[in-house]
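Presented below, as structure tokens, is a lone chain in the form predicted alone.
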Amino acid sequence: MSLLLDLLLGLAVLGVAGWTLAVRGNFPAVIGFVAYGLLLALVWVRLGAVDVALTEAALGAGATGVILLFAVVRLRGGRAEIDAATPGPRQRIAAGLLCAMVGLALAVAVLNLPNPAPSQAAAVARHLPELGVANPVTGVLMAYRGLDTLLEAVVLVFAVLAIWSMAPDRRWGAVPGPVFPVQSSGPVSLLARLLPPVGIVIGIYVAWVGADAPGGKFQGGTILAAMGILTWVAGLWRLPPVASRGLRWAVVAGPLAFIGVGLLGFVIADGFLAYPPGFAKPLILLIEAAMTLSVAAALVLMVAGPPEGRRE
């Protein structure tokens, strides 16, 4: 039964991927992309990687799907721009061949792994109590490959800056994205009034519990961002202008906290991003809390796009 379920799941992933590539029309392709991400999340669950499944569902399917949907809406009527950015047949064939070669190489590498596969899991589990966190994924991300996680956090800031930089000079400092009218009826209006109180609590909980169970800053921040986007689209919340100091601090709070704790390691521990005994978990939670805020703010701003409103 388990093998049959895995086979059906694998066939569904391949089928949805093929349909997404073949379908004509941007909106159906985005829907296929979201469905593909959700199926991949189920695959990760079947592999026992719940943290990766949550990240795939929240960021891969959810946040990226919303960004693509907004892009589709904004490109309506821009046939010339779409045609100019669409790769030609030769480029598509080259990209397809390259993807096939990479996929084949990965498959060969996985199928030829030694048994048991090389792993640092035992060493991580042995030293995990020193960090005070029970979730090995959080321990690895925040301690053993903390520099990689820090760079991922910094990338979010650069992504927001890159989007803001596309605004014309006359719009700089204005409100990002369109200003939606207040919707007093309809499904979006109803969901925007019902979901945020629950979603905010769930987002904070998912971020908080990440130290000891599947979850964390990226998953929790994505849920918070989804609640913000929902209220923004319904016209119930107006985004602050990009000149707002509060907005800018929200975007950089996570990376700054990460760098600050890292530099503190030179003083109270063995070096950059080293945690002193007994203080590892409080410092990790401090970074996680600040990063949750920054992830949520960055995702909302990436969906909103460059400043479009009036300067205030």
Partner chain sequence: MIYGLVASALVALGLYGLVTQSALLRKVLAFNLLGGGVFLLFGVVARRGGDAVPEALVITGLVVAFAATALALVLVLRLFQITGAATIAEDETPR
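Residue numbers count along the first chain shown, from 1. Think of the rigid core as the biggest set of C-alphas that the two forms share within 1.5 Å after superposition. These numbers were taken from a predicted model, which means no experiment stands behind them.
The protein also exists as the form predicted together with the partner chain; that form is not presented, and the subsequent description refers to it.
Proximity of Ala211, Phe258 and Pro282 to the partner chain in the predicted complex is absent: no residue of the three has a non-hydrogen atom within 4.5 angstroms. Contact annotation: Gly173 falls outside 4.5 Å of the partner chain in the predicted complex, judged by heavy atom distances. When contacts are judged by a 4.5 Å heavy atom cut-off, Ala29 counts as touching the partner chain in the predicted complex.
Contact check for Ala297: every heavy atom lies farther than 4.5 Å from the partner chain in the predicted complex. Using a 4.5 angstroms limit between non-hydrogen atoms, Val251 is distant from the partner chain in the predicted complex.
The contact with the partner chain in the predicted complex, taken as any heavy atom within 4.5 Å, belongs to Ile163 out of Leu236, Ile163, Val188, Leu195.
Out of the listed residues Ala269, Leu247, Leu286, Leu40, Leu40 is the one that sits within 4.5 Å of the partner chain in the predicted complex by at least one heavy atom. Look at 260-268, 273-281, 44-52, 239-247: in the predicted complex, residues with non-hydrogen atoms within 4.5 angstroms of the partner chain sit in 44-52. Along 227-266, a non-hydrogen atom within 4.5 Å of the partner chain in the predicted complex is carried by no residue at all.
Relative to the superposed rigid core, Arg238 undergoes a CA displacement smaller than 2 Å between the shown form and the other one.
Relative to the superposed core, Ser165 shifts its CA atom by less than 2 Å between the shown form and the other one.
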